[in-house]
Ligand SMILES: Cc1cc2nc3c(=O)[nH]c(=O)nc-3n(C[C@H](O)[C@H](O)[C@H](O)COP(=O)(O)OP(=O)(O)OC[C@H]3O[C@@H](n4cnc5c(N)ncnc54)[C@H](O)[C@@H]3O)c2cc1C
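In structure tokens, one chain follows: the form predicted on its own.
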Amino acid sequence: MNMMETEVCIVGAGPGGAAAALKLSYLGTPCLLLDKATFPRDKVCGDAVSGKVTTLLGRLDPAMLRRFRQQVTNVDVWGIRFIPSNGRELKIPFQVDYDPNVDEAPGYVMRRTDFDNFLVEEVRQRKNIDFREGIEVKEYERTDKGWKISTASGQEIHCRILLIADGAYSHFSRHIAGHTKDNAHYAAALRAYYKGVTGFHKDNFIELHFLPELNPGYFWIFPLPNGGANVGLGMRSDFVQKRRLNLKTVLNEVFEKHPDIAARFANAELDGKIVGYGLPLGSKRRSLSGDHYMLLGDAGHLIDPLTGEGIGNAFYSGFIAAEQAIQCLQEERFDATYLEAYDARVDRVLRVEMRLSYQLQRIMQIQWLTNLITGFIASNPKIIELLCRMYTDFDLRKQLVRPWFWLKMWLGRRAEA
């Protein structure tokens, strides 16, 4: 059996794992990065890349951010369209008074095949990242100094700190860290690619349609290059189970029951297969670390419970985990108590936001209230501008779940009238 030793081993080369490896590399710490796939490879996803990613890419290496923005496989996104059950659309830009001809886009849509491969190509350029693809991990075993990893090809890898970033179906997360599936904090989703969808916003706003048959959940349409679209739907798994739904049947019913949507797909063609996948949501707090290990991204259940965003949160957790790993190596501390600092920082940076999203998700289950609020906002430009500022101001965003905020907005509107 081939045996090797490394200080830091990362399992999974998606956004979380690649971000951790790149951050370690730029900070001068070598690592081993493993993935069972060979790249480029597809990953079922909504494909939305938020401002978290571009912000962190820019902090790591402005040249890397420029390379990302120059990719012909991504689409600039300038805002979001919310369509509640009554059909009254609400358009919220991500940036106040933006100019697409001058400003850099705050968000993007890019197929995961292309986005993950972009990150992997950046990884390949770093001499202190030992990237090995096509390596399937078969077994993890705790040792006195860390972890022993046994691969399907007969390799034995010993590391002092292990970063698990192998996605929603992570064996380590479920069977070693003990993150069992909880349908109340899990979502089932479908994704399909289409060609020839019409009716997009001129500045490529992504769309979330909160249809009655998908409550709590939504149908999405995200623009892609060359007239393509990422189309899908998602719903919390406990409701799927309770209602005994077949999501593919529901997707067909969306086109049948909603003429406005069907008209946009009248000349569209399915590009590939309709694929299902699971989303471990961050609405329930879970431990993200233990002796000599940390969980990143989907493996740590860090998907936003309202929007379904996973890429940005995975990327951010990778940066945090890399910095924590360096601290561990410097202090020679790898015990669970010391690694709680990783959990605390994720809580501070990401978990608070996900708790807010969970509160908003619960509010949006009340359809009449959602219709009332979105209608009120759509007719009030000042509130739209305020919501636009909330995209980058989290403290401002927290006002959304406070009744007093809406009462003040309503009273202010009445005073103006």
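Heads up: residue numbers just count along the shown sequence, starting at 1. Since the structure is predicted, the reported quantities are computational estimates derived from the model, not experimental observations.
We do not show the form predicted in complex with the ligand, though everything after this point is about it.
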## Note on the structure
Of 285 to 293, 69 to 77, 97 to 105, 133 to 141, the segment with heavy atoms within 4.5 Å of the ligand in the predicted bound form is residues 133 to 141
### Query
For F222, is any heavy atom within 4.5 Å of the ligand in the predicted bound form, or not?
yes
### Query
Is the gap between E122 and the ligand in the predicted bound form 4.5 Å or less for some heavy atom pair?
no
### Message
Quick check on P305: any heavy atom within 4.5 Å of the ligand in the predicted bound form?
### Response
no
### Task
May I ask you to check whether G318 falls inside a 4.5 Å heavy atom distance of the ligand in the predicted bound form?
no
### Query
Exactly one of V254, I83, A189, I161 has a non-hydrogen atom within 4.5 Å of the ligand in the predicted bound form; which residue is it?
A189
### Task
Name the single residue among I377, A48, L356, L57 that comes within 4.5 Å of the ligand in the predicted bound form, judging by heavy atoms.
A48
### Task
Counting only non-hydrogen atoms and a 4.5 Å cut-off, give the residues of 33 to 50 close to the ligand in the predicted bound form.
L34, D35, K36, A37, F39, R41, K43, V44, C45, G46, D47, A48
